[in-house]
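Shown next as structure tokens: one chain only, the form predicted on its own.
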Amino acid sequence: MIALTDVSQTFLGRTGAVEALRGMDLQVDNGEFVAVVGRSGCGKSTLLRLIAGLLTPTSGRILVDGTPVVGPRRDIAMMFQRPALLPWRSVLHNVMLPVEIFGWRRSEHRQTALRLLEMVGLTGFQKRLPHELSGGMQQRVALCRALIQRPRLLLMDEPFSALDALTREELSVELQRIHMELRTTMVFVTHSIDEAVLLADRVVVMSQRPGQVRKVVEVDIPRPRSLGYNAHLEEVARTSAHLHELLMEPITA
């Protein structure tokens, strides 16, 4: 599904060059959920923007479904830290925004939008405006907006980071369920080890800048997963501890 080969990214600024990524090699299989963790500034968000076609790598090659990524694509959707909903549009009209942008028939996608809202627990909220929703509900709307274009690949850049801990865990469980149902390929950047373990099939641990793949950790824990008392609590804790140790490497100059 995704293949990165020797991908590097350097930004040129007034104070000189900043090497964000160096020699990144990464493979993501079709239908896989991959989480990316690492220290602040290691290039996680840059990695997502490169895969999305929002940036062009300084060197290396990125393929999605065997095709080089040379710019934004309709089969790739992206969620950011903030939901960025249009405040004057209702929930339903925010979800339908990609339909309008791509020039698709609204009548053919309205039921899909309503089904997605039902899937995330927002039935009955389709006429509400964004300011009438909680932060968690707004991010659910943003997720529906991303999914309505039926992307082959969904990229998520810390989408739950601005939410309280309980809402984050609730949405992580919800996203886990949606992934199990839709089998959309997902790449999820997070600072939360707990989120990574709850959601991912594999966790990519990145080194400090310039970012490289330090290790890929398999999360071989049956789904659904939770942080509460359950049959797999020991496996979840063990995997979380392993990731914590990897991320606690000494900071070098």
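Because the structure is predicted, anything quoted here is derived from the model rather than measured. Don't overthink the numbering: it's just position in the shown sequence, from 1.
Missing here is the form predicted together with a small molecule; even so, the following discussion is about that form.
- Note that among 192-200, 66-74, 41-49, 26-34, the stretch whose heavy atoms approach the small molecule to within 4.5 Å in the predicted complex is 41-49.
- With a 4.5 Å cutoff on heavy atoms, R209 counts as touching the small molecule in the predicted complex.
- The shortest heavy atom separation between A20 and the small molecule in the predicted complex is within 4.5 Å.
- Although the partner is absent here, E158 sits close enough that one of its heavy atoms falls within 4.5 Å of the small molecule in the predicted complex.
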